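Here you get one chain, nothing else, as structure tokens; it is the form predicted alone.
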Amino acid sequence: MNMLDKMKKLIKYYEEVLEMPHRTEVARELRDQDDMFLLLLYSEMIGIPNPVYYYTLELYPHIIEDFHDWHLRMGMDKSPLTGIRCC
């Protein structure tokens, strides 16, 4: 192992040590952003006007798999949408 590889390994270890205490915060922030995005995506279906509803229709097939986890995190035991049955 040459010196360059050792330095790269040391730098990688150093970055992991610095990131360790913040991993849960970063994961929580990413989850919150995903929740907000899904709320905006499904807002028209739950009665909140969405000016870009037409453009978000294309995303539904890709996001439908995450819908069940999202509505459970939002405190809804059953799907609030009649057209989407996930439970």
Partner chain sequence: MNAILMAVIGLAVFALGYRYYSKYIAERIFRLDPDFITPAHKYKDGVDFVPTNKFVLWGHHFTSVAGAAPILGPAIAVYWGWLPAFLWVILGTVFAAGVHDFGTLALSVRNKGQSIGTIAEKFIGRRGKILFLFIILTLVLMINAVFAWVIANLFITYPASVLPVFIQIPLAIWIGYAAYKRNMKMLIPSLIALAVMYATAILTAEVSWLQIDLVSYMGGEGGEGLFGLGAVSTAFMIWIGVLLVYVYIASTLPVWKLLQPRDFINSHQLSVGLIILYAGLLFTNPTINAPATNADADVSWLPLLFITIACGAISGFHGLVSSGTSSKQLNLETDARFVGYFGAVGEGVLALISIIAVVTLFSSAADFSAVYSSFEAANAGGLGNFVEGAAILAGGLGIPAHIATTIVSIIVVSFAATTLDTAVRLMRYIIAEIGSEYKVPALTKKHVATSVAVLSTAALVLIPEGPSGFGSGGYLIWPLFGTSNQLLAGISLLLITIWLKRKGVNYLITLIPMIFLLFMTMYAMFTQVFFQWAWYGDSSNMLLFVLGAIIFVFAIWIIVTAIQALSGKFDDELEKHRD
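Keep in mind it's a predicted model, so treat the numbers as computed, not measured. The term rigid core refers to the most C-alpha atoms you can superpose between the two forms while keeping them within 1.5 Å. Positions refer to the first chain, counted from 1.
The form predicted together with the partner chain is left out here; the points below concern that form.
This chain lacks the partner; the member of 57, 26, 39, 52 within 4.5 angstroms of the partner chain in the model of the complex by a non-hydrogen atom is 26. In the model of the complex, at least one heavy atom of residue 21 sits within 4.5 Å of the partner chain. When contacts are judged by a 4.5 Å heavy atom cut-off, residue 11 counts as touching the partner chain in the model of the complex. Residue contact with the partner chain in the model of the complex: residue 66 places no heavy atom within 4.5 Å of it.
Along 31-68, one residue reaches a heavy atom to within 4.5 Å of the partner chain in the model of the complex: 31. Relative to the superposed core, residue 12 shifts its CA atom by 2 Å or more between this form and the one not shown.
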